[in-house]
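In structure tokens, one chain follows: the form predicted on its own.
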Amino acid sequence: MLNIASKLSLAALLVGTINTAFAATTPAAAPAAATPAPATTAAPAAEDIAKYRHHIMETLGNMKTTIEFLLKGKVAANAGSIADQAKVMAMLTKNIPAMFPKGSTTHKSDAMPVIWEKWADFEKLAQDVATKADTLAKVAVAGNAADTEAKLKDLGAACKACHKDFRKDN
């Protein structure tokens, strides 16, 4: 049976592979990840991209809530579980722009079309999220609960700043 770190590593590998496939269709695409993209000739469907993006964003929100539960002592923490989750959050947030290739919104998507009209602003906010997540991961590894909680709040504020301008129903 896999421990939490192994499961998170496998999830990270899968996400990196999928994000690499989307990166090629993103305006000003981020550099390709080290994980090779799956062989395909067809561009991903907008609906599939939107669903994928929704699940990643939901996962990030769930991981934030999980870290809050662990920090508040509502559940017993496995050694390193906060740091492991923070590291995965940092990895996932690095690929936010790649998850928004032009035309990947659908009627079910929470992504507003203004993302592509104000792409530079969107990228700046996404970079801030990634920077805050990276800082959270570094602080979480150090193990100071108060510092980790503060950096988690900073990350939440960065997420909200992006959602304010670029997400429906926020």
Ligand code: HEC
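Nothing here was measured: the structure is a model prediction, and the numbers come from that model. So that there is no doubt, residue numbering starts at 1 and follows the sequence shown.
As for the form predicted in complex with heme C, it is not shown, yet the points below apply to it.
Problem - Triple contact flag Ala77, Ile82 and Val139 to heme C in the predicted complex, non-hydrogen atom at 4.5 angstroms - result: None of them does, since no heavy atom lies within 4.5 Å of the partner.
Problem - is_contact(Pro113, heme C) in the predicted complex, heavy atom dist at most 4.5 Å - result: Contact with heme C, no.
Exercise for the section: State yes or no: in the predicted complex, is some non-hydrogen atom of His54 no more than 4.5 angstroms from a non-hydrogen atom of heme C? Expected result: The answer is yes: His54 has a heavy atom within 4.5 Å of heme C.
Exercise for the section: Answer with yes or no whether Gly143 is in contact with heme C in the predicted complex, where contact means some heavy atom within 4.5 Å. Expected result: Gly143: no contact with heme C in the predicted complex.
Practice task
Although heme C is absent from this view, report whether Gly103 comes within 4.5 Å of it in the predicted complex, heavy atoms only.
Solution key: The answer is no: Gly103 has no heavy atom within 4.5 Å of heme C.
Problem - in the predicted complex, residues of 132 to 150 near heme C [heavy atom within 4.5 Å] - result: Not one residue comes within 4.5 Å of the partner.
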